[in-house]
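The chain below stands alone and is given in structure tokens; this is the form predicted alone.
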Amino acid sequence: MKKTIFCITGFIMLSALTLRAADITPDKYWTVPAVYAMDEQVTWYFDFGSTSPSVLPDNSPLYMWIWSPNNPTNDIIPLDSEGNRIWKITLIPTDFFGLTQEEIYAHSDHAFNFLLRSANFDDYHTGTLVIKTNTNYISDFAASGEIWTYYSTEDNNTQAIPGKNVYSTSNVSILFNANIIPEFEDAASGLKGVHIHAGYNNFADHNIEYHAWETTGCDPQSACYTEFKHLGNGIYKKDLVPYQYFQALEEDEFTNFEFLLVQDDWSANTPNYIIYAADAVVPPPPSLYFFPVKISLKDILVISRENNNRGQFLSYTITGGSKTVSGNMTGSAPMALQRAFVNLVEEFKGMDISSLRVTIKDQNDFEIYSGDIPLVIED
């Protein structure tokens, strides 16, 4: 009798194990775009490439059960199959959850907490997955006082990373504060657009230039293709995947992409900026200095700037009293070092002045430096 009871109990345990839902874990999951406001459309992607098709068949139904910040339907929510064992869901968080941006950011969990499962939960399911919401990237950037910044998502990271881990296949979000540069007139109200004028590998490959005159269609070079999205209050955003945006191949060499931001009619622009690939060697920042340290009207003033951006050529203007002199800075390797030699003895001979006003600009009229240099009196 005891043997019979043992056999029945073992069978029940075996049946329970057989019916237990299979645990599935995504290889990675990410968002497109990398950075988004809660009232923007976003797509969440889930890659189950390593999960056996015998457990999670290709294109099989996959559902989301979400509880934080709420469950908007009080039911499971279907995902779409992207193919290649990737599933996705596209939503606008404020619409999806019926909450304001502020309510989502302030929610106690500071995250979207959910799991993915089969319709009956008995076939397969994940553990809890988390996509962070505690960082309001847009608001934080606007308060930072920076002209621009960028974020990316990569390597199973579901929260955007500032300024690193960029590959040719990364999802990149570039933020720009048009309020910082006064020349961007009406940009804060969105009356004039902001565009990216850019090139792969320091403009050596796959350039996507901004052609202000191409206003129909959305082909590369056109206003539509290169335009940033205005998020309000002068904050603009551009979302892109480098190799896709520049129409390159995934296997093409990618060390960086260089760009400048321009207003609709090219009436204003920023200097050149560079976003480097994760494995690229990043050069040191530009360095400007004057020689000698203490300057008099009996000196030759040497202006030097090292580590200039590729394609950047500098000029100077020096004003003392009623006289202004100007010229171009030169160098045998102008990107590495550009210099100017100004003979103050000849240029300002006999003038009674106590300082010089020096302004340095690049070929796009962007101001690199503007300041007063005091003069010492020589015996």
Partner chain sequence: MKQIKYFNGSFLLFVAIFIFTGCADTDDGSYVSPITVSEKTNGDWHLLNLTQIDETAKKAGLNPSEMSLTDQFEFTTFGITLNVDDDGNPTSYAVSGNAPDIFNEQGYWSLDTDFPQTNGTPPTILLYGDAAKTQKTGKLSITGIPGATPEMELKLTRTSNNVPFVSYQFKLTKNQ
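If you're wondering where the values come from, they're calculated on a predicted model, not measured in any experiment. Whichever C-alpha set is largest while still superposing within 1.5 Å between the two forms counts as the rigid core. Numbering follows the first chain given and starts at 1.
From this point on, the text means the form predicted together with the partner chain, which you will not see here.
Residues Lys192, Ile196 and Leu260 are none of them found to lie within 4.5 Å of the partner chain in the predicted complex, as judged by heavy atom distances. In terms of contact with the partner chain in the predicted complex, the residue from Ile147, Ile295, Leu231, Leu129 that brings a heavy atom within 4.5 Å is Ile295.
For the options Trp213, Trp266, Phe291, Phe121, the one in contact with the partner chain in the predicted complex, meaning a heavy atom within 4.5 Å, is Phe291. Although the partner is absent here, Ile300 is a contact residue: one of its heavy atoms lies within 4.5 angstroms of the partner chain in the predicted complex. Although the partner is absent here, Trp67 sits far enough away that none of its heavy atoms falls within 4.5 Å of the partner chain in the predicted complex. Lys28 falls outside the set of residues with a heavy atom inside 4.5 Å of the partner chain in the predicted complex. The shortest heavy atom separation between Lys323 and the partner chain in the predicted complex exceeds 4.5 Å. Proximity to the partner chain in the predicted complex, taken as heavy atoms within 4.5 Å, picks out 300-308 from the listed stretches 174-182, 105-113, 137-145, 300-308. Residues Arg339, Phe341, Val342, Asn343, Val345, Glu346, Lys349 are the members of 339-356 with a non-hydrogen atom no more than 4.5 angstroms from the partner chain in the predicted complex.
Remark: with the core as the superposition reference, the CA shift of Leu62 between this form and the one not shown stays below 2 Å. Here Ala37 does not count as shifted, since its C-alpha moves by less than 2 Å between this form and the one not shown after the core is aligned.
Core-superposed comparison between this form and the one not shown: the C-alpha position of Glu82 differs by less than 2 Å.
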